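Below, in structure tokens: the form predicted on its own, a single chain.
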Amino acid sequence: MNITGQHILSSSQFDLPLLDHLYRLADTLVPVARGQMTTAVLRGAVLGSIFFEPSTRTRLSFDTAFMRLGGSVSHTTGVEFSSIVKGESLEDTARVVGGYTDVLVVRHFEEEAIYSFASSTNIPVINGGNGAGEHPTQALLDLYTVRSEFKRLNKHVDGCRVAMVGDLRYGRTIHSLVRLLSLYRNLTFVMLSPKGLEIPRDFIDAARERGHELIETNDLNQGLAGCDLIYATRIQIERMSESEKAANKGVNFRIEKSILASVCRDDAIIMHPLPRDSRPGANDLSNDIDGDPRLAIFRQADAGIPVRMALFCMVLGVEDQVKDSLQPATWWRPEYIGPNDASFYRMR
């Protein structure tokens, strides 16, 4: 379970004992993530936050997690602000910024770039999203959310029915989460996507090899019926070819209040990695389901801070110092951020 100094590039690096260890540490750090307690186990450490693709939630979540641990952050966002535009290789960039910092979080639009980056530095590199490949830390916080929500409902991950909805071809969060969920037993995966945006076959084959049932469908009503977990993703238009865009014109993959009322379980959990496309007619989660207790997207987003904090502590080898370092915060904080967060705070 010792991952000190390791790169975190794929969700395939995790097994259930390691996840249990990570999540116990995340539970300890929840009060720090909420601003109720403080710790300085990473005082003096510097995070290099290198994002070659735009990001709001992921970048701020990583940065906040590191600073909540007492560390500082040096960051850049966008290829146009890097020396790549001057012809510098990724390998040179990795070696240079690795000399400035103690750990790197990297997002890149090319799937293989993260591996080039990691192979060129001796400090830990954490994958913040590599093109249409993976998003391992999103999957870690997603599974943490699933486990917390199911515990609140007295349900278990083993044997559950999961609908993966939307762009399963380019949706990297789906790819990473399927790998983690496949560590459990006897799941039924309903892969629900528009034609041409089906999940890559290797994820299907890997899940079936572990004994899970896989169902593929393009029928939204049929696919959502009876599911314990509904994980939706937006259509990744920016990664699609013109022919794929044309093929999906007019497709209806919008999850809204009427479909929840007609086919979804009363105790289903609805998740989304965000951002969601809330515009009228968009193939995503509708705003008319806001306030539904089944919608866990904001509790899910909040979970990113303690989970990423725990990961930083483990990668930098300070996890054993956390418990004794905790101190009460001195500033005011609300009991919770908004009405959709209430059940998250009650269940703790």
Ligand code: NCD
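Residue positions are given as counts along the sequence shown, with the first one as 1. The model shown is predicted, which means the values in this text are computed figures rather than measured ones.
Same protein, other form: the form predicted together with N-carbamoyl-L-aspartate (NCD), not shown, and the subject of what follows.
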Practice item. Look at the stretches 110 to 118, 259 to 267, 170 to 178, 202 to 210 and give the one with heavy atoms within 4.5 Å of N-carbamoyl-L-aspartate (NCD) in the predicted complex. Key: 170 to 178
Check your understanding: Of Gln138, Ser148, Ser193, Asn127, which residue is found within 4.5 angstroms of N-carbamoyl-L-aspartate (NCD) in the predicted complex when only non-hydrogen atoms are counted?
Key -> Gln138
**Study point:** The single option of Gly159, Gly99, Gly226, Pro275 touching N-carbamoyl-L-aspartate (NCD) in the predicted complex, heavy atom within 4.5 Å
**Key:** Pro275
Point to revise | Touches N-carbamoyl-L-aspartate (NCD) in the predicted complex: Thr58 (any heavy atom, 4.5 Å) | key: yes
**Study point:** Close approach of Lys155 to N-carbamoyl-L-aspartate (NCD) in the predicted complex, 4.5 Å, heavy atom
**Key:** no
Practice item. State yes or no: in the predicted complex, is some non-hydrogen atom of Arg234 no more than 4.5 angstroms from a non-hydrogen atom of N-carbamoyl-L-aspartate (NCD)? Key: yes
